[in-house]
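We begin with a single chain expressed as structure tokens, specifically the form predicted on its own.
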């Protein structure tokens, strides 16, 4: 067994390279040991990039920028389409690799890859046009949109392929070149995609580097990078913003959330419970826009609690490579320890457990799906973003009170309202202090719809014309028609 594991390590270690200026490069920076969260054991490793290799990648991106930005949107769309086709053609092996390094069930890994492909294609269908402000006898004034230059993209570990594809496509379609850095917890799929698309794009247009926190800081400080797109925690997002300020980089921050779902008294708990549960627990709760607090009207509160607990018992926890698994592990040991600490704090506060509260007796970073009630509004489980498979259910009587409680947070990513009275639910949703307010749905996004956070949940938007334009500089061209 040990010999087999060693052989696997060697094969995987030799199978991943950085992408710099169109060439496969063996990094000379820190070695990244990649852990399978279903076992808690290292199953592969790769070499990260040194500071000199980052400099090479940035220089390559800058050299490639003039020719790439000069291409038409239609031309650049063809390149993105080829990338999407490659993702689909390699969905099987990519999904297995994603499950091994991230933990999510194989079916969800395939869905992520297919979504990355379709979202990328969808964004290239959004036209970016110059705007005519004035055209009279004296003046013609246009607002044009031009690419920024080199975009640095830093992605997280919870959905590494999809959350790389969105900013990557946004940058490329709008004429920028890219240096892409995945999370050190999940570098392999991103590196593999870099290898697969190496011959698709001209050298230097896409560069893919692995590395830890130091590489991320070098990128945010680098004078040759014009834009940073970061997806991750609020705490790290603030560091990115501070670091990027030295060169006044443009930034897009898609950060954490503490999404509230308000469930009104006219719903059937058995109908809404499976939808709420999925929105809160898919990917073991490791989704920025997952439902993280449920506010249920007192008239349906007990029935909804029972229906949610019943749903929790249906979801099989296990290795994502097992077809029966619906919930995989928490992705890394640090996050697992945070969630377990939050669980124990919730237990000490006297919460009532509707489901879960324990972990399966097996190796890996597993936790059974956990629903709690009888918790104080100021408790950590309500105030903090769990980013794990534990969700509190709270009771309300007055809907205005529910809105106030939902908004009483430093987060503002998204939220939802659930009701058969669509007009009433829409009016309530409009009062949520969030970037996206859903009615009778949660976690629904599309390539043509802007997504991002209010308050401390981020800056800027991704997807849509609004998101695409954040990779471009508005330039006014003002012409006086007579001397």
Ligand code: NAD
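From a predicted model like this one, the values you see are computed outputs, not experimental measurements. Residue numbers count along the first chain shown, from 1.
One more form of this protein, predicted together with this ligand, exists but is not displayed; see below.
The closest heavy atom approach of residue 413 to this ligand in the model of the complex falls within 4.5 Å. The shortest heavy atom separation between residue 329 and this ligand in the model of the complex exceeds 4.5 Å. Using a 4.5 angstroms threshold between heavy atoms, residue 236 counts as touching this ligand in the model of the complex. In the model of the complex, this ligand sits within 4.5 Å of a heavy atom belonging to residue 288.
In summary, the region of this chain contacting this ligand in the model of the complex, judged by heavy atoms within 4.5 Å and restricted to 118-126, 176-184, 302-310, 401-409, corresponds to 176-184.
Taking a 4.5 Å heavy atom cutoff to this ligand in the model of the complex, the contact residue among 372, 240, 83, 339 is 240. Contact with this ligand in the model of the complex, judged by any heavy atom within 4.5 Å, is made by just one of 256, 388, 105, 194: 256. With respect to this ligand in the model of the complex, the three residues 154, 212 and 220 uniformly fall within 4.5 angstroms at the level of their nearest heavy atom.
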